[in-house]
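Presented below, as structure tokens, is a lone chain in the form predicted alone.
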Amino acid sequence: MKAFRYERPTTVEAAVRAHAGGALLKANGIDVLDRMKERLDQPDRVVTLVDVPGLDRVERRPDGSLSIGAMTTLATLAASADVAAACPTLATAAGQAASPALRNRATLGGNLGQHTRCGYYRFASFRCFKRGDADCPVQAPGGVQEPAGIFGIDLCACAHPSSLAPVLAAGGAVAVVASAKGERRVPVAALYEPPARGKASDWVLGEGDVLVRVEVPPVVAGSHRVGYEEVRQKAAFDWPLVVGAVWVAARDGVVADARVWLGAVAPSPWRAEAAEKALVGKPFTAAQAAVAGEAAVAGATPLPGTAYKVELVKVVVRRALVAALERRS
């Protein structure tokens, strides 16, 4: 690992100033330290947020919405009664992520901002579009394809590993970002952009931007239903193969609005709009959940090694919708 200067600001304003000028921002370092050891990131300065007070706070507001600090650990999210009441799928996703040891260190902000786990990106001996090469070797004959995406993979076939981003996007959550110009609000769904050559992360935040908190609208009992499902190779520590998060508003048993988001199937969290259209205006039933699952793979362009993810998406979306249908909140 390259030698670096370690800076510990104690206010958000100081963190914004310290992050400007090419410094690497670190939460609790689960992904950042991996990248530094692999020499994917070789910063001269690393700025940590561990000493900034209040960034690990979970607050439930009078209207039932949540304000969650970016440094809140996944273990805290999973155990919080306020999170379970306002956004139960967020508690579920946080409680299933990684392993107990990592959940006690990994943070909300770190989970949203982590880089792909694609082996071609992680190991410098391989070519990689994200590291500036002309093409993506995943798509070449003989490429290791099994962990790759099936949507939006024309330039880069990697899969984004965040399990919380689809949940928050489906729930209409908003990220509050501090910069030298003050705070701005960015929908979690807009925190990501398409891959670009030489751009390691699809995160839209740049130098001097600090994610402070995420604000999550409440799930309204009686009118909103939410569901979450993921599939992994094994139930113990692993990154998911496919993630599905749904939010449904129904009136008199008929779907008035729906949001279906997928994870681990594209370079950034992926909205399954065809699945949403298959739900809106239809009775909210298990049979219609299966129809939406079939529709969720519209536009998929799987590689030979990722064809299995097409079937997993169908299953995950159907299961997430059935879980939402059966939820009594």
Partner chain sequence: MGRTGHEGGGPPGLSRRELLRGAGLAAAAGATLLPAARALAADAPADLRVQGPDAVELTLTVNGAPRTVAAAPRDTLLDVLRLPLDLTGAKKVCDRGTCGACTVLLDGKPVYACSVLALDVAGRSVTTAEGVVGGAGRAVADAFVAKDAMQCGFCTPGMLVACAAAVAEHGPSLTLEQARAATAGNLCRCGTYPHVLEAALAAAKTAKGR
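Numbering follows the first chain given and starts at 1. It should be emphasised that the depicted structure is a prediction, and the values quoted were computed from it without experimental measurement.
This next part talks about the form predicted in complex with its partner chain, which is not shown.
- The contact with its partner chain in the predicted complex, taken as any heavy atom within 4.5 Å, belongs to Glu38 out of Glu38, Glu273, Glu294, Glu59.
- Only one of His224, Lys199, Arg127, Arg105 comes within 4.5 Å of its partner chain in the predicted complex through a heavy atom, and that residue is Arg105.
- In the predicted complex, its partner chain sits within 4.5 Å of a heavy atom belonging to Ala236.
- A residue is said to contact a partner when one of its heavy atoms sits within 4.5 Å of a partner heavy atom; Ala101 meets this definition for its partner chain in the predicted complex.
- Taking the partner from the other structure, its partner chain in the predicted complex has no heavy atom within 4.5 Å of any heavy atom of Ala20.
- When its partner chain is considered in the predicted complex, Arg8 lines it closely, a heavy atom lying within 4.5 Å.
- Highlighted residues Lys2, Lys26 and Asp34: every one comes within 4.5 Å of its partner chain in the predicted complex, counting any heavy atom.
- Heavy atoms within 4.5 Å of its partner chain in the predicted complex are found in exactly one of 26-34, 282-290, 297-305, 265-273, that being 26-34.
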